[in-house]
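Quick heads-up: it's one chain on its own, the form predicted on its own, in structure tokens.
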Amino acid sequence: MNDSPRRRELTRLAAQLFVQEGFDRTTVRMLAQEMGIKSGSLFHHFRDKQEILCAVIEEGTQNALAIAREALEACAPTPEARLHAMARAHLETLLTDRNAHVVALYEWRRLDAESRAHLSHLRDAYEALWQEVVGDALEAGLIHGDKFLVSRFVLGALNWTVRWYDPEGSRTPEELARELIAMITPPSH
């Protein structure tokens, strides 16, 4: 399938509709109407609704992975700086690509087996970055616990912010990331 700017725009519109209506309640007719095209024209860009869902999650996960990698490259090489960079990057992803992130969180289970297999490497790569950063923080004694559980706990806390965080509110993503890391690390003496 093509990777045109139009297809990417249609993918973003689909993400918005999936967030508003849910994947199951979203019809092809609704998608076409939201996209400003005829239902038949939708199939010029996508085979079916399942492919649209896969494209939304793929684009969102690729963006999250790119933002995380850039954040790690730009930060100091200390475990604390890397942990903070990952938390901030995750929050940035939520703010810049919120709909795709919400769809990935809540509609992953709607993917068919082929789509899940296709996307698993991206999800695994993102989680591996977290495992690496958390592993380094554990090794340095910055945090304590099981690497898998700490990674899941932190990602869960960050993912839940899509439900309550207000970008127009009093805390910036930077401050929120700093607070989260402060909660899981012992105070400096």
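Being a predicted model, the structure only gives us computed values, none of them experimental. Heads up, when I say rigid core I mean the largest set of C-alphas that superpose within 1.5 Å between the two forms. Start at 1 with the first residue shown and count on from there.
Separately, the form predicted in complex with another copy of the chain exists; it is not shown, and the next lines address it.
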Requested in this report: Spell it out for me: taking another copy of the chain in the model of the complex, does every residue among Tyr106, Arg152 and Pro187 have a heavy atom no farther than 4.5 Å from it?
Outcome: yes
**Report entry** Proximity to another copy of the chain in the model of the complex, single hit among Ala128, Ala140, Met30, Ala157 (heavy atom within 4.5 Å)
**Finding:** Ala157
Query raised in the report: Would Glu21 count as touching another copy of the chain in the model of the complex under a 4.5 Å heavy atom rule?
Result: yes
Query raised in the report: If you check in the model of the complex, is Arg82 within 4.5 Å of another copy of the chain, heavy atoms only?
Result: no
Query raised in the report: Is Leu13 close enough to another copy of the chain in the model of the complex to count, meaning some heavy atom within 4.5 Å?
Result: no
Query raised in the report: Any of the heavy atoms of Asp124 lying within 4.5 Å of another copy of the chain in the model of the complex?
Result: no
Report summary line: Near another copy of the chain in the model of the complex, with a heavy atom at 4.5 Å or closer, the residues from 125-148 are His144, Asp146
Query raised in the report: Is there a C-alpha shift of 2 Å or more at Ala177 between this form and the one not shown once the rigid core is superposed?
Result: no
Requested in this report: For Asn99, state whether the C-alpha moves by 2 Å or more between this form and the one not shown after rigid core superposition.
Outcome: yes
